[in-house]
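Okay, here we've got a single chain as structure tokens, the form predicted on its own, with questions on binding and movement later.
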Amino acid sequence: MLRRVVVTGASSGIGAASVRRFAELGWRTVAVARRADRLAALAAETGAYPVVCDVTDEAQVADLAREVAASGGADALVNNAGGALGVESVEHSRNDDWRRMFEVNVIGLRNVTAALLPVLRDGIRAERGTAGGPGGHGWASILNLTSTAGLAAYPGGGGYNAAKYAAHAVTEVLRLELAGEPIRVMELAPGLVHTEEFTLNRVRGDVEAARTPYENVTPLTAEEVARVLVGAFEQPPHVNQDLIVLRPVAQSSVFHVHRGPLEAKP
């Protein structure tokens, strides 16, 4: 098997943790992000092949696809690039924030998927030994990292909810459109995850506000999400985990987070 995976949004958080986890399990990785310095450090640590690319730029994504194909191809893709901006109400939020969230969470996902699908199909054909003929065991896998914000709305989530609901819908459409091909389409929707940048970016650098969601609760870590994410790729190739919802035990829904010790009832 090729066992080469492209991971977007790889410069920090879940993306970087996923690159590390894939590398631990023997995968070759292509780490994609905008920040060259962070990619270089990750590549030095993990052996990843770094590609600087803004997933919202269609020309850069086309270059990414050509580079992946020329450097060894791929049989797996993780669409992880995304993010949230703002916690204001629909009435008081900013259109520029909504546009940016839609661009990176939805348009970027579409750009990369559309550009990499021919590369994934080439990998399938190479593994099967003939140009699309029967026989062999070539498969490809795509996993879109969405959020429980794409499954349930909450106050202050307007633009991010809209973008992640859209990403969830795109994932379901893609699975239908690829029916009949040996390409599984999976989705991982985490709940409360603490990473170094996500919430800080969302609250525009307000350090105190960024701490609030994680007070008196044990959230998921990027590494814990990455173990589940990579585990989905490690399943036999015919096993498709359509939707994985991952939350800390203390979070029973987007509206319910228990703060304080978890104790058995008397």
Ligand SMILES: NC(=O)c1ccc[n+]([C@@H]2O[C@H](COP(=O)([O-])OP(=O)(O)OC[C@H]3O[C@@H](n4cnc5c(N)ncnc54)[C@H](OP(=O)(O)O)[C@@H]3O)[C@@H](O)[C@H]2O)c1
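As the structure is a computational prediction, the values presented were derived from the model and not from experiment. In this text, residue numbers run from 1 along the sequence as written.
Although it is not shown, the form predicted together with this ligand is what the next lines describe.
Between 113 to 121, 69 to 77, 183 to 191, 85 to 93, the stretch whose residues reach within 4.5 angstroms of this ligand in the model of the complex through a non-hydrogen atom is 183 to 191. Shown alone here, C53 lies within 4.5 Å of this ligand in the model of the complex, counting heavy atoms only.
Remark: E197 counts among the residues lining this ligand in the model of the complex, judged by a heavy atom distance of 4.5 Å or less. For R204, no non-hydrogen atom is located within 4.5 Å of this ligand in the model of the complex, even though that partner is not displayed. Contact between S147 and this ligand in the model of the complex is found at the 4.5 Å heavy atom cutoff. Within 4.5 Å of this ligand in the model of the complex, a heavy atom is found for all three of A10, I14 and R34. Contacts between 92 to 129 and this ligand, taken as any heavy atom within 4.5 Å in the model of the complex, involve V104, N105.
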